[in-house]
Structure formats: structure tokens, C-alpha cells
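Next up: a single chain in C-alpha cells, the form predicted alone.
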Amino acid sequence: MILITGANGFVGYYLTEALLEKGFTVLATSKGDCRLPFSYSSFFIYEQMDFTDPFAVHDIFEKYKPSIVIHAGAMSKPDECEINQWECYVTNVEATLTLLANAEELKSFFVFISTDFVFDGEKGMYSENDMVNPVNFYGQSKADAEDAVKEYKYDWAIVRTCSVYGKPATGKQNILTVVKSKIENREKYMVFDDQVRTPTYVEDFVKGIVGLIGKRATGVYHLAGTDVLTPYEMAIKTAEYIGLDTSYIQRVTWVDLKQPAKRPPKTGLVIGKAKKELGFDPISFEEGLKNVFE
């Protein structure tokens, strides 16, 4: 049985779907009521679980005894994390420690979903061996959680990704769908052009995780796309693809918006290890646009 945290979220939906298709029994957990449409499957179980509550986590682990844990849930908006640092620490670090402690009793394989924001963004195109050096509290919390995972006694994997996009299955928007809705409503949309990323199509990302679980691969892996783009370039390409007026998209820098959390300027993830060891083969951003909008 595979336990997933944050299953109601964007990645959680696709991850649950992909694992069910492979015949795994999936214990999907999230804070609120189930928003996943998989109750038709006899391999699908949903339980409400606040992973920041040690008692709730203990009860679920004791009841189901999952052999694999995928910790996909997190507080992930950098500005919210910067403003509410204690809440971010409890959610992203302390809760990971709680999950690890419960997984350890069962010797479960622990898979932790992390981010390109563990890097400072000074050089760009980071490999798994590059030193982490976060520039905001969100990145720091994920780096601290990674450190905790690396101390885990049994099999573990850390999967870092970057700017995940796709069809929002459970209602959560991403840059592509925001661009569409903003322009259709004739609203200006300010987008960063001083940050470089390797945007990742969500279905590629979850295929990579499923492949990792199938091989029971351990260690750190980068799963991301191959196109190197700024968010502004992503927004322009999206608008052009669906035939919308690009003049509504405004190019800005982090300094222009003065957001609470600093962003790493150039990240992007090198995926050679995942290609070689997991057979990871992501599609292009253009193909991703086609999948999202057609």
C-alpha cells in the first residue's frame, strides 16, 4: 500500500491516478473531504489526515501500515511561507519528521517531493550533487526537510522538480490556466522575466515518480522538463498557442513587485541521472501546451 500526503492537490491527483493505473493500492490522504474521483477503484482508499497532527498521523499509519510513503503535501507558496515562517516550519519540517518517525516503525520506503528552490539560483541548471543554498524561507524549509529524509534509516528518495504545470484536475490553477483566464477576462497579468526555470509537465513528473517506485530507486533525483524558459516566456508561449492577445501580459522583475520572498534567479534542473537510471523522458513545453489545451 502506498500512502500519499496532499492527495487532493494538483500533483496528488495525477500521482494517485498514475499509481492506480499501475495496480497499486493507494491510500490518499489530505486535510479536507475527498476531491478525487477514484472511488470506483477497489484499490483506492481515502482518509482525512492533517499531517501536522502527530496523533492523526500515528493512527493512520497504525491502521493501514503503508509500505511506501510519498510525502507530496507542503506549504508551497513562497510569500506565504516568508510571512508565516512558524506555520511553514511546522508544515514542511516538523510534519516531515513526524511522517519519517511513523514510516521508520514500518520500514517503509519514504519518497519526499522537493523543489528547485533549495538552490540559490546563481548558476542555474543544477544537478543532484550541487550544494543547496536557499534564498527564502520556503526553500530553507524544504532543504531542512531533505536533511531529515537523508537521516532516515531505511530506503528513501528525494525528488526535486520545477514549475509543474498541466490541466488543473482538482481546481488548483497553474501559470498556463492563469494566463488563459486573465486574458479572457481582459486583465493585465504581471509575470517575471528575470527568473529561469525548466517547466515540468505534471504527467511526466508523476511518471518519473512511478518509475522510481517501480525500481525502488534511492537517493536524490531531479525530474523536470527540458525547455529552459522564464515565466514570462511561458506565459507568452501559452497565449500565442491558444490565440489570445499577448499585450495583456506584462514583463516584470522581482524588484518591480517587491514580494516578501526573494526568488532564486536561475534554477533549472539537470535530469541526466533520471534519464539514465529511471528512463525518464519528458515532453517539450510545446507538447505540454497541446496536452493541456486540446
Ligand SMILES: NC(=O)c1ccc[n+]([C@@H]2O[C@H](COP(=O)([O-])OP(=O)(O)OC[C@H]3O[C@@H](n4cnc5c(N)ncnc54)[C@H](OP(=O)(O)O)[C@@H]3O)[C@@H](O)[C@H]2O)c1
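Since the structure is predicted, the reported quantities are computational estimates derived from the model, not experimental observations. Residue numbers here begin at 1 and follow the sequence given.
The protein also exists as the form predicted in complex with this ligand; that form is not presented, and the subsequent description refers to it.
Between this ligand and the residues Y232, Y241, F61, F51, the one pair within 4.5 Å by heavy atoms in the predicted complex involves F51. Just one of K262, R35, R251, K65 comes within 4.5 Å of this ligand in the predicted complex, counting any heavy atom, and that one is R35. Contact annotation for T91: at least one heavy atom lies within 4.5 Å of this ligand in the predicted complex. In the predicted complex, no heavy atom of N102 sits within 4.5 Å of this ligand. In the predicted complex, at least one heavy atom of T115 sits within 4.5 Å of a heavy atom of this ligand. None of the heavy atoms of K167 is located within 4.5 Å of this ligand in the predicted complex. Within 4.5 Å of this ligand in the predicted complex, a heavy atom is found for all three of K31, S76 and T161. Proximity to this ligand in the predicted complex, taken as heavy atoms within 4.5 Å, picks out 106-114 from the listed stretches 106-114, 144-152, 212-220, 125-133.
Contacts with this ligand in the predicted complex, taken as any heavy atom within 4.5 Å, map within 3-42 to G6, N8, G9, F10, V11, G12, S30, K31, G32, R35.
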